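The form predicted alone is given below as one chain in structure tokens.
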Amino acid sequence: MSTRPIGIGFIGAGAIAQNHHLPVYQKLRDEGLVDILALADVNDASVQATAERFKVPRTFHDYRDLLALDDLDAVVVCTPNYLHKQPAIDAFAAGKHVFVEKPIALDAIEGAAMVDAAHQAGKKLQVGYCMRFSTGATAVKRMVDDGKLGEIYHARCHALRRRGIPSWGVFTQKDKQGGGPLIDIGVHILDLTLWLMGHPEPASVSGQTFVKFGNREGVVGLLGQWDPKKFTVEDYAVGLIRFKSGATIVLESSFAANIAKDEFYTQLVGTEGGAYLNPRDIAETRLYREESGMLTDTTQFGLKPNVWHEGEIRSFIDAIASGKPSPVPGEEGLVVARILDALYESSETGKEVYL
């Protein structure tokens, strides 16, 4: 059990760090649980401004200088996908624990190298799949664990935007992001569904990706206007995942599509019941069963507001302090990466890919 505040450093001081991670770490610092030691980012102006805002004493241009700090226990990697692997591996080599934003890496090959490095260092690797910590998700997980759904043999999960192509960052560049909506928002709903189903072992994947809007001029951009000439990812993806247990998942994800509205949900189908979950909206959590000769819909009341980022961060710090396993281990993040790689491969080859 740790007897001093856990020393934390940030690699990447952009929007995800500023808006989601640092405010929580600031709260944990006030509680005496952590000490935010330093930030590292190649954007010197951004890192200085962020350090001033969150009262972080040291900044670095090169993250390797941050890793040399003696009182640093763990790092939070908040860089674009293509910059997840090396900082994480270097952090493990320096004897630090690592929290990496989702997805684990650009692809499964890079993710596997990170998992191996964590094992060799004997340090914790946690992947930032925060939707698991949403109030609705934890409620449904309790129902699943209590047997309310029985055998979950199928799930449908959607992460769909009607017009939501990002206009900032590298979200539309395949060489830096790895893909489009599938690897950006689809990963969240896929990880959540796998977790609720108890992580069945995948057997094969069939998929198809589409580019119908991102490379066109004049398409409405509700998240700002992107450059169609630099759009190299898909804007819609659909996949069928088969598991060795016989269970299946149908996954759909989009940045742009002619649909009624944005959708973000998972629907579980079990032998004793079903569940519908929108992790962003607690009110949409439902349990469907047949009881006493009647079909019943159950709604949960009295659930606390969503604190998913705070939940995942507190769980990471608790795992370090207590010696518990990582609550979202790299191995589970790697399974998601392998499924996505297979879906992209299936789309390119027109064939089912066996895992």
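These numbers were taken from a predicted model, which means no experiment stands behind them. The first residue of the sequence shown is number 1, and the count goes up from there.
Although it is not shown, the form predicted together with a small molecule is what the next lines describe.
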Open item on the list: Quick one: Ala13, His84 and Cys130 and the small molecule in the predicted bound form, is every residue within 4.5 Å by at least one heavy atom?
Closed with: yes
Open item on the list: I'd like to know if His97 sits close to the small molecule in the predicted bound form, meaning any non-hydrogen atom pair within 4.5 angstroms.
Closed with: no
Open item on the list: Within 4.5 Å, heavy atoms only: does Asp184 come near the small molecule in the predicted bound form?
Closed with: yes
TODO: Give a yes or no for Cys78: in the predicted bound form, does one of its heavy atoms lie within 4.5 Å of a heavy atom belonging to the small molecule?
DONE: yes
Task: Distance check, Ala40 to the small molecule in the predicted bound form, heavy atom within 4.5 Å - done: yes
Task: Listed residue that, although the small molecule is not shown, lies within 4.5 Å of it in the predicted bound form (heavy atoms), from Glu101, Glu110, Asp73, Asp90 - done: Glu101
Task: The single option of His309, Arg289, Arg286, Arg29 touching the small molecule in the predicted bound form, heavy atom within 4.5 Å - done: His309
Open item on the list: Only one of 234 to 242, 101 to 109, 250 to 258, 217 to 225 has heavy atoms within 4.5 Å of the small molecule in the predicted bound form; I'd like to know which.
Closed with: 101 to 109
